[in-house]
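Take a look at this single chain in structure tokens; it is the form predicted on its own.
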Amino acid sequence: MSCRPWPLLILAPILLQAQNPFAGNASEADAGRGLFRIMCRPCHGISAQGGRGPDLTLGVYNNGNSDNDLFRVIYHGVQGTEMPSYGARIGDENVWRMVTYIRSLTTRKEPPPPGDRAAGEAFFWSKGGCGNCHIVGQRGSAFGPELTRIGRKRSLEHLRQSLTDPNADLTPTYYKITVTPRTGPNITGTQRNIDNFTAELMTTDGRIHFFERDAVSSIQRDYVSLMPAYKSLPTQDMNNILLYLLSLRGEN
């Protein structure tokens, strides 16, 4: 008798529609925490507050906010992104444990600071000069990271740290690169690509520059950000701009 594929087609949606068997279970959440630190820390950080991947403590996610949505993303991954599938490696129960751990983090969310979102938006686009380096919706420059959905991706704590200490959590594509041509002035920008033979960087005017190593005197990469640290920013201005950044959820 030949094998029929239709039972598998039935089982898959049943698996995705199941309820979380470990919801609210602290011991299973702790087991999920261990799995998370092994599987997910490189992208989402040891405390799930973001890195290469988004902050998972916010309770809102790009591919759905329910336990079933989280299960689906962890189990199957997200096509076209860096999010791999883990279901075949760790099984559905361990995926549910990770979901339970992630869900437990959303209760630790820091309340927003007192301030004025509109004043923060005005500061961002005028006095702060943030639009010279960052894109929000259709405005700004691509020199720094895009911020259109930053309120869905990063916690208040992470955003505050990014403003006061930009070097604390820096992704490789924004390292500082300085190229010394054989003739002419140095060129400094943010790393786009670099290997043993070439370097590609973006300067503050948005231009991409490509260099072959044997055609320049030196290429120096510094693991620092070109963004200034706003440690001395008045508290009210800091609170206002944080409120504006938290409000950026992709609607612009």
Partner chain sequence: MLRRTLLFLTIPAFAQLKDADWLTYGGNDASWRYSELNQITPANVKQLNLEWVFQTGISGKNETTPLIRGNMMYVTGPDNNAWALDLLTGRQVWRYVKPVPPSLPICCGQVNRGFALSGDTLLKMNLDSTLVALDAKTGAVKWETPLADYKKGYTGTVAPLVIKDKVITGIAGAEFGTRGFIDAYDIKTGKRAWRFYTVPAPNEPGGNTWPKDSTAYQRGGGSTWVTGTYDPETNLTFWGTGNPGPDMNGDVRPGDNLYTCSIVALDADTGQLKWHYQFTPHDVHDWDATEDPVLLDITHEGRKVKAVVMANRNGFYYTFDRATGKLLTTKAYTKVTWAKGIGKDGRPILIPGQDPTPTGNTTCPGGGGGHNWQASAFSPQTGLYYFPTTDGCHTYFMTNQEFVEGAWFQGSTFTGEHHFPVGSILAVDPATGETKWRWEMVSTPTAGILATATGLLFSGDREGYFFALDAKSGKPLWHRQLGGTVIAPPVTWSRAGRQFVTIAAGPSIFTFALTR
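Positions refer to the first chain, counted from 1. Note that the structure is predicted; figures quoted are calculated from it, not measured.
A second form of this protein, the form predicted in complex with its partner chain, is not displayed here; the remarks below concern that form.
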(message) Let me test this: is every residue among 41, 194 and 222 within 4.5 Å of its partner chain in the model of the complex, going by heavy atom positions?
(response) yes
(message) Is residue 89 near its partner chain? Define near as a heavy atom within 4.5 Å, in the model of the complex.
(response) yes
(message) Taking any heavy atom pair closer than or equal to 4.5 Å as contact, tell me whether residue 37 reaches its partner chain in the model of the complex.
(response) yes
(request) Using a 4.5 Å heavy atom cut-off, state whether residue 46 contacts its partner chain in the model of the complex. (result) yes
(request) Indicate whether its partner chain has at least one heavy atom within 4.5 Å of a heavy atom of residue 198 in the model of the complex. (result) yes
(request) From the candidate stretches 63 to 71, 181 to 189, 222 to 230, 200 to 208, select the single one in contact with its partner chain in the model of the complex, where contact means a heavy atom within 4.5 Å. (result) 222 to 230
